[in-house]
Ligand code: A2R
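A lone chain, given as structure tokens: the form predicted on its own.
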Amino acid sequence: MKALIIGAAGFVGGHLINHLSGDCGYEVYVTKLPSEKLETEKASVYDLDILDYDAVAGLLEKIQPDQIYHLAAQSSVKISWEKPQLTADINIKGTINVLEAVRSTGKSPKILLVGSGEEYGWLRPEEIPVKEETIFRPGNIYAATKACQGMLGEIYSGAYGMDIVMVRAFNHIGPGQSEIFVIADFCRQAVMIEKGISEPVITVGNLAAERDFTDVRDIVRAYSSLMTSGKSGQTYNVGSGTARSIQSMLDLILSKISVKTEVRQDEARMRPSDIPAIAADISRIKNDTGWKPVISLEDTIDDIMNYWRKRV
């Protein structure tokens, strides 16, 4: 089985490489931007800009993969506010290039388009946990572009008979995630306080928001299970099924260090718009694939803390 991961230099890519090459035993090919670093002995690495259609088509013709995991994205909500044009180009135009390039090969690999729970946006209390059929009310630019990506997947699957599965992945966390994401940022700050590198003050944004957090290693298992058992043209939520406040996550992180720490809100960390609460209904993926998360939140936070203890 040949698996191609487009956009593998990011947080999820490394974990997916490990899972597909190790647990699944696949022959793995991956892409990254020329400016990115990705060193692995578990996959063949290629430079690729998904905004270059000819380059995408040429690589697909060369590799002829059986599975394509489309991870390439501008995935930060914060950056989407700062760079909306870049976010739209990568998340929408880039996806069209991939789908058109696959179509041009005449082959029929199974494709996974990775979207986000952010697509649902402003949910009413009675809509949580949210089902896949729930109407979108995107609350930020990143969410709007990912919603468009999912719609494109449905259109290409229906119009051209392409084997495409869409995912709405909720907040995934774990060792190796960039500190531009909230849990990694809190863990990094806590470790710096623990080591005496920083004063015992942790700066935060909105702590009232509630999110559905899942270990990235569970997430990549979900992706591969959908490539085996997911139904073409279908969209699946992937998450834990439980909403947890950012405040509760911060409390758990601070419980891992013995230094009394002040929590200080920083206006610069507040977003122009922030969804109050969201959690996934994961019945569909459970029913179709048998997948469910197995790594506890406590273990995930321990692993993230230990990751930063080795690096700061």
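Since the structure is predicted, the reported quantities are computational estimates derived from the model, not experimental observations. The first residue of the sequence shown is number 1, and the count goes up from there.
The form predicted together with the named molecule is left out here; the points below concern that form.
The named molecule is not shown here, but in the model of the complex it comes within 4.5 Å of a heavy atom of residue 72.
The named molecule is not drawn, but in the model of the complex it has a heavy atom within 4.5 Å of residue 33. In the model of the complex, at least one heavy atom of residue 51 sits within 4.5 Å of a heavy atom of the named molecule. For the chain shown alone, residue 115 is a contact residue for the named molecule in the model of the complex, at least one non-hydrogen atom being within 4.5 angstroms. Just one of 90, 182, 123, 147 comes within 4.5 Å of the named molecule in the model of the complex, counting any heavy atom, and that one is 90. The stretch that touches the named molecule in the model of the complex, counting heavy atoms within 4.5 Å, is 42 to 50, out of 59 to 67, 261 to 269, 239 to 247, 42 to 50. Heavy atoms closer than or equal to 4.5 Å to the named molecule in the model of the complex belong, across 164 to 181, to one residue only: 172.
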